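As a starting point, one isolated chain is supplied in structure tokens, in the form predicted alone.
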Amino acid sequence: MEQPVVTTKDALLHAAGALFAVHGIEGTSIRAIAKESGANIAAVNYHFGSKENLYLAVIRHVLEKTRCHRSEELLKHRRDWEGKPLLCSEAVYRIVEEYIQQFFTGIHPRWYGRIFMRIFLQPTPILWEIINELVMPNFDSLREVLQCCRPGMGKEEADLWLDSFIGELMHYVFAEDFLLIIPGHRKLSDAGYQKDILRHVAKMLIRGLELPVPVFLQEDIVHA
């Protein structure tokens, strides 16, 4: 199979992302980025203008690649499931499934998760502008799906359920290194563990929204 062509710009972006994730922007030099990418130092300024611009490009790249679209698609076809409790439950499951696929299945480099931590630990006005552009529309659509699943639920309560959902997923992403200290704890790379997390989080939301639990979620979780 023919391998995709990796441009110098892409090589710089991925090399910088991996280094920023570990050392932050202050602890990463342009020289280190150039060495890691196999490019020359001048290439950073040529393609991005500065190290700061490259950092913002990395953030934008990660947020674009990990953006979830299923809630937006569900809203486009809301007449098919809104007002039908069991189909609402399945809609919730499909949303959780997409998030699990995006963050737990290894389709993205692991440094993506560390970049998320950097965003939250070192927020700046420019970063929040990017988040508002790329992340908040998805949260808005997810909140709307939750409200459709439970008619009469206000924005404040929907926000709490949204917080619970995102918070639980981020717990697994950010706390994995700590959790692995626990003897016998499974890794996120374990497909069986991913399935169990999917089932657990989906059932938490479905039951919290007072929806019927689909048959395929009623069986007990079987640990690998």
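In case it trips you up, residue 1 is the first one in the sequence shown, and so on. The term rigid core refers to the most C-alpha atoms you can superpose between the two forms while keeping them within 1.5 Å. None of the values given here were measured: they were computed from a predicted structure.
Below: the form predicted together with a further copy of the same chain, not depicted.
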Position in contact with a further copy of the same chain when the complex is considered in the model of the complex, options 185, 31, 69, 65, heavy atoms within 4.5 Å: 185
Among 126, 117, 86, 107, which has at least one heavy atom within 4.5 Å of a further copy of the same chain in the model of the complex? 117
Within a 4.5 Å heavy atom cut-off, is residue 22 in contact with a further copy of the same chain in the model of the complex? yes
Could you confirm whether residue 143 comes within 4.5 Å of a further copy of the same chain in the model of the complex, counting heavy atoms only? yes
4.5 angstroms heavy atom contact with a further copy of the same chain in the model of the complex for residue 178: yes
Given that a further copy of the same chain is not shown alongside this chain, does residue 11 nevertheless sit within 4.5 Å of it in the model of the complex, heavy atom to heavy atom? no
Contacts with a further copy of the same chain in the model of the complex, stretch 188-208 (heavy atom within 4.5 Å): 193, 196, 197, 200, 204, 205, 207, 208
Quick check on residue 159: with the core superposed, does its CA move 2 angstroms or more between the shown form and the other one? no
Align on the rigid core first; then say whether the Cα of residue 26 has moved by at least 2 Å between the shown form and the other one. yes
